[in-house]
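Heads up, the chain below is alone and in the form predicted on its own; it's given as structure tokens.
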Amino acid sequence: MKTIADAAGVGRPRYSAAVRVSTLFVAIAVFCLAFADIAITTLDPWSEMQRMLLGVVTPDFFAVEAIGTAVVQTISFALVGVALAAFFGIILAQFFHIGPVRWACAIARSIHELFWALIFLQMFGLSPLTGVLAIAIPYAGICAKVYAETLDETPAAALNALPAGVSTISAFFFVRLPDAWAHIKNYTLYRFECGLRSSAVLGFVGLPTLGYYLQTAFSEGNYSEAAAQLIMFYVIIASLRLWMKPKLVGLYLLVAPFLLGGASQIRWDNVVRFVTEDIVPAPLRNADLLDPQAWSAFGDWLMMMLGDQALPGIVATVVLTQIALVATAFLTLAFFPLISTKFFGRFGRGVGHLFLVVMRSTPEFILVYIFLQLWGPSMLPAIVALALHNGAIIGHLLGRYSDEIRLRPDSASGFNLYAFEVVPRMYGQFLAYLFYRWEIIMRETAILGVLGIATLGFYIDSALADIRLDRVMLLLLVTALLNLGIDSLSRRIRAGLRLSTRIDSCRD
């Protein structure tokens, strides 16, 4: 008779290890709750929720005259940014085996695009270049990794059959790329969908995308207007495959740069000052680098920054991440049956699919912003938003995965089917998805400090407000190293449990 572990497609020791790891992470999250700032500080959250719900059922599509322009610019920023990322990503993929290239890509993708936008604002102001580079740089790091992995997995037989003397470029374009093209094309389309979410969020720093008008509507309490803007965004995402046709991509790329909107004039002296002066630590700025006192002052500055800002930011970021990770896990297990043929009929799956599309299409940053209006500034809005968004993403993937499970004719039904047949059989895949998004959740957690939650982003935003860009760069470096550490730990855990390490559709 098969055990649950056998049904899951894993041996008993491996399944037991997965359960032990899961239990450990739940225990860590419970421990973190003791240090989490979870509170509702608004005076009448239920009244505010009623106003929001009324806005949802009465969307006002005519409230913003520039809504069409905002939609076009949201798409244009995403299109140009992702196109640049894909172009440089395919080039970097050829050199991804070189350590410095791999490390540079890892650092680039570990910093959220909103942080990149805040950096470029100091150099280029509210120009299209700020938004385009904010998307292109981190996405290039992501694309380089994915493309390199994809190209490395192409069959070696064709390469081995090439005659001697064939150039590397010819081998790439005529052998390696054709084999990997379908996967690269599909992943780039997925990355463009992610780019649309990032483009919308960039409106929160002043760029003329949907996020700019959405923030204005929420801050003024115009929830019908905000609902209309969100519906427009969902329509863009849902209809993506209808209007993003391969034959039209070239035309879109030709037109998009001209639709990015007006720009403030770029002052290149600001760029030079940023690189040569602003980001230099204050004690070393205009100091004699051979003077021991300068380095002593730099050491004091560094210890002050690490002790007063970096360490509290790291603790808050880790606490919020671990709670959100476990909350994501529980919501994933609740969400995946919504679109699974094992549990619901066609109508039920349709409703479930619509719910998951809305949750996973709404950027976490926007969800947190909405919940902040309801509950006030604390970790609670961030935990709920991160869990809903990531739970919807993994739940969607897991629901599709569950459809591939074959059941015996005499299998159980109802809760027994869920708990003893389906979940055990895909528990390994569930953990693979979850641990893959661990680093992504931390990356999002850090940026939520911009909204007033005391993660690393809070200290970065405060330093930007004080125009202390040397502090900003140090804290961004800390953020990148923290994300790289979590990514490395995640890969070690997945390797130890022998979980799938190639989950392209779960990247974000």
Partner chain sequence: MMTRILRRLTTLLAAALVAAPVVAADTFVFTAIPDQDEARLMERFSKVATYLSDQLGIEVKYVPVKSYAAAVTAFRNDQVQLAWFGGLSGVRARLLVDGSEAIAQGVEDPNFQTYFIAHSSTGLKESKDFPKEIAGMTFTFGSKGSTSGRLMPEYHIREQFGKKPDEVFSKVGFSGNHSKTVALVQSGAYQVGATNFKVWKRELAEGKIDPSKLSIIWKTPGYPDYQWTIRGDVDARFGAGFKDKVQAALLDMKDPDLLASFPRKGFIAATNSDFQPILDTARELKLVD
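Numbering follows the first chain given and starts at 1. The structure presented is a predicted model; accordingly, all values stated were derived computationally and were not measured.
Omitted here: the form predicted in complex with the partner chain. The next part is about that form.
J.: Give a yes/no on whether residue 347 approaches the partner chain to within 4.5 Å in the predicted complex, heavy atoms considered.
T.: No.
J.: Using a 4.5 Å heavy atom cut-off, state whether residue 149 contacts the partner chain in the predicted complex.
T.: No - in the predicted complex, heavy atoms of residue 149 and the partner chain never come within 4.5 Å of each other.
J.: With heavy atoms only and a cut-off of 4.5 Å, decide whether residue 203 touches the partner chain in the predicted complex.
T.: Judged by the heavy-atom cut-off of 4.5 Å, residue 203 is in contact with the partner chain in the predicted complex.
J.: Check whether residue 258 has any heavy atom within 4.5 Å of a heavy atom of the partner chain in the predicted complex, and answer yes or no.
T.: The answer is yes: residue 258 has a heavy atom within 4.5 Å of the partner chain.
J.: Could you work out which of 56, 33, 67, 473 is the residue within 4.5 angstroms of the partner chain in the predicted complex, going by heavy atoms?
T.: Contact with the partner chain in the predicted complex is made by 67 alone.
J.: Among 94, 429, 122, 224, which has any heavy atom within 4.5 Å of the partner chain in the predicted complex?
T.: Checking each option against the partner chain in the predicted complex, the one that comes within 4.5 Å is 122.
J.: Please determine, with the chain shown alone, which of 22 to 30, 35 to 43, 473 to 481, 435 to 443 has non-hydrogen atoms within 4.5 Å of the partner chain in the predicted complex.
T.: Among the listed stretches, the partner-contacting one is 35 to 43.
J.: Heavy atom within 4.5 Å of the partner chain in the predicted complex: which residues of 448 to 477 qualify?
T.: Sequence-ordered list: 458, 461, 462, 464, 465, 466, 467, 468, 469.
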